[in-house]
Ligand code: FO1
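For reference, the chain that follows is the form predicted alone, supplied as structure tokens.
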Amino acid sequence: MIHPERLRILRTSHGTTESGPVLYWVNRDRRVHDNWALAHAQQQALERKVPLRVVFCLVPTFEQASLRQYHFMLHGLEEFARDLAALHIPCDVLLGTPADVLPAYVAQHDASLLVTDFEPLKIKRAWLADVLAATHISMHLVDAHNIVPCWHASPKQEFGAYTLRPKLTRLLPTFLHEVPAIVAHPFLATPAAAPVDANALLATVRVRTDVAPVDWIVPGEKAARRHGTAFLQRLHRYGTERNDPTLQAQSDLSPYFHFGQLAPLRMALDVNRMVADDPDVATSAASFLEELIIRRELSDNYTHYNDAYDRFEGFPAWAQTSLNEHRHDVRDHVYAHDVWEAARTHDPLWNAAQRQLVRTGKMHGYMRMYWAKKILEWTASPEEAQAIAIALNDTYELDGRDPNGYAGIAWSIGGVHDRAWFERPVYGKIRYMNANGCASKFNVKTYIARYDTYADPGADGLSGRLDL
């Protein structure tokens, strides 16, 4: 059923029961459909003829996290649990870090196997290591997020899209296919799980409550599928209009991908079917698949193999050298974090981008590049610029703390996945952007007017980046 390269057997324990339930410790992939980790867990449970349970560990706080993100995550989780219950698969939510709450849960249910999904960020890898150290249960790790499993696509950090693209292209025929459907589980688990109440769980978290949820996007797997279908209806515009932030040409799917409510695999399969039926969309489809597969999986590669993905030391050597040589260049402006956050710089275009982020929880992909590069230009050091960009991203973006966010900021500020350009003050050899360049590509005045104030978020928040 599952390709062996999608699976990593972390431990095989011969001292645990074989008659206990299989547990799926869900982290990244909170959906019933198109979920290789859940499918593998059910296959293992069916072969053993034992119950299947799903467990989620709700960590009450994250650095720079906000109510906006927890609201989206937990309301999606509530739907996920209901859908699982309809298939006789209970879903339990444990309050606390995995190392603190999961070992006792494993022991309580006398589980025979723990399956979990792959996530490349350091904190998630640390959780996995802690649970491994605190338990003796057999454990399987499944990459249910990437179309080509991250560890199989490449054994090392890639220089850029140009080095990863041929590897992924060669492997796509092996991995780009449907995931078996989850069936009603015939071996019933006891005890039953309590219903997941998103609002009750929200009352337990400790995050910034001044960053409110947004209403232009609905959380959950069903809404994600509807959103993806709606995007396919305008896919023909993507190739020519995606870089214009005044138009609604991008997919706005990144929150669903980030919270695991929609599989990138599903969108790739649907786009390929659409091209087969309508070759006229092939150019736009190719552009979208480049972002969906190559660029997104490049971000996972970067964060998986480079532990300094959120620090200056994670930049390529040429970029570190160049930025160091220009470390003491005179800046035209130097702003502190609170000025950036409040969108009070001298630059109306930058302020508009920040306001879009604050109001909608999204920022158009083209503007994200400009936004991050100007933070580099108008802060005292590249380290401070990176820290400010990450903090704002992780507080306000619906998909904060995502590999694409870290990779995108590292590209803009530190030349990751890019090459050296013509040298200039402050930037050194990092690629430069300015407002005049933006004006040559789209109507800057229209964009600024749209986000002139923080008030009335409204449906215009729909413009946004794909995932990078």
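Counting begins at 1, following the sequence as shown. All figures in this text were calculated on a predicted structure; none of them were measured in a lab.
Heads up, the form predicted together with the named molecule isn't pictured, but that's what we're talking about next.
Engineer: Tyr70 near the named molecule in the model of the complex, any heavy atom under 4.5 Å?
Structural biologist: Judged by the heavy-atom cut-off of 4.5 Å, Tyr70 is in contact with the named molecule in the model of the complex.
Engineer: Going by a heavy atom distance of 4.5 Å, is Trp378 a contact of the named molecule in the model of the complex?
Structural biologist: Outside the cut-off, so no.
Engineer: Would you check, heavy atoms only and a 4.5 Å threshold, whether Trp350 touches the named molecule in the model of the complex?
Structural biologist: Output for Trp350 is no: heavy atoms all beyond 4.5 Å of the named molecule.
Engineer: Using a 4.5 angstroms cut-off on non-hydrogen atoms, would Phe62 count as touching the named molecule in the model of the complex?
Structural biologist: Yes.
Engineer: Out of the stretches listed (40 to 48, 62 to 70, 418 to 426, 437 to 445), which one is close to the named molecule in the model of the complex, meaning heavy atoms within 4.5 Å?
Structural biologist: After filtering at 4.5 Å, what remains is 62 to 70.
Engineer: In the model of the complex, which residues of 259 to 287 put a heavy atom within 4.5 Å of the named molecule?
Structural biologist: Result: Phe259 alone.
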